[in-house]
Ligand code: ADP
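We begin with a single chain expressed as structure tokens, specifically the form predicted on its own.
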Amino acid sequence: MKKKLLAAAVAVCAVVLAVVIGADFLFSKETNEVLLSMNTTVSLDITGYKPEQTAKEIKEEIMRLDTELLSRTSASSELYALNNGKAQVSDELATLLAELKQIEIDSDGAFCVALGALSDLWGINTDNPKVPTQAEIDAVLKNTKDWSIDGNTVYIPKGVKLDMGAVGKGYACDSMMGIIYGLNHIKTVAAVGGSVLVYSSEPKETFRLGIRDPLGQATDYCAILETTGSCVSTSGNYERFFEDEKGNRYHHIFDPSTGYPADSDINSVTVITQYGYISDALSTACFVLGVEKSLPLLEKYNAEAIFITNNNEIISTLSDGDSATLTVTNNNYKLGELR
């Protein structure tokens, strides 16, 4: 199992480095690191003064987030304690949960952090996934909207489990930014699963990121996003899924209103913002909502998105004058227009 994970880590690192196309490295020292944390691969490409020390600090922070704050399976984490009866949380977790509750409200429930029990029911990330009965789904969805937070006190109804799987990787990007922001002569490309942070102390420097082809392999991309420093998160139906005996395919992004994998008009959505936790949460919400219903939410959070539809259209909210541009590179796709 460890050999498979390490092989996957190396492969994902290669993909991340491959899609950062043509960026000019202006600084003298560079370090590349790969680790397994937060149930995914974390890859770091840091250029600047003492990049090894910066990478060390980032790795320590990622491990802290995973084992002490956001994991719902690690007994040493705050979230685990919260899901198992503790009501008081630290300022850090309280602040994050309050923000996530607001995104839940603003998205009309398309994003919901209280789907841990539903995720367990389906077991898509396990060796024994299954299609639950409607009664089972109804039971775990019953009180998911009723969790609340007041200051540092969190109320979770019986049977509800909070899960940071749809936002933790983006939050990790924000934590990395807290370490590198303000350092002189530094450039960073960091990927935590589907969330990527690109940053340079030279504000006008741009990065080119490949947008994965949802119908291709992990190394295939269908468009190039060119952007200055930002956080970029992608949610798609191609990574974690299973098929039942009839060949029906079930992916891991759930619609909180139905308890089933979201059935929208898209195969993936990439969200670009200045904050990782927002890009991560919004990419999930927009995948559930579909193109048209996502637009007010994106506008509210000053975010841009790139949708890849199930009709092989690439629809972008980017426009002339934005700090990011998009180029389609795969002839199987065409640029669509917002209606």
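All figures in this text were calculated on a predicted structure; none of them were measured in a lab. Residue numbers here begin at 1 and follow the sequence given.
We do not show the form predicted in complex with the named molecule, though everything after this point is about it.
Participant: Report whether all of Cys112, Asp163 and Ser235 sit within 4.5 Å of the named molecule in the model of the complex, measuring from non-hydrogen atoms.
Facilitator: All three within 4.5 Å in the model of the complex.
Participant: Can you pick out, from Ser90, Ser148, Asn125, Thr219, the residue that has a heavy atom within 4.5 Å of the named molecule in the model of the complex?
Facilitator: Checked against the cut-off, the match is Asn125.
Participant: Considering the named molecule in the model of the complex, find the one stretch among 221-229, 163-171, 139-147, 94-102 with heavy atoms no farther than 4.5 Å from it.
Facilitator: Contact-bearing stretch, as computed: 163-171.
Participant: Against the named molecule in the model of the complex, would Ser71 count as a contact residue? Criterion: heavy atoms within 4.5 Å.
Facilitator: No, Ser71 sits far enough from the named molecule in the model of the complex that none of its heavy atoms falls within 4.5 Å.
Participant: Taking any heavy atom pair closer than or equal to 4.5 Å as contact, tell me whether Ser119 reaches the named molecule in the model of the complex.
Facilitator: Flag for Ser119 set to yes.
Participant: Is Leu82 one of the residues lying within 4.5 Å of the named molecule in the model of the complex, judged by heavy atom distances?
Facilitator: Output for Leu82 is no: heavy atoms all beyond 4.5 Å of the named molecule.
Participant: Is there a non-hydrogen atom of Gly210 within 4.5 angstroms of a non-hydrogen atom of the named molecule in the model of the complex?
Facilitator: No - in the model of the complex, heavy atoms of Gly210 and the named molecule never come within 4.5 Å of each other.
Participant: Could you list which residues of 64-87 come within 4.5 Å of the named molecule in the model of the complex, counting heavy atoms only?
Facilitator: Result: empty, none.
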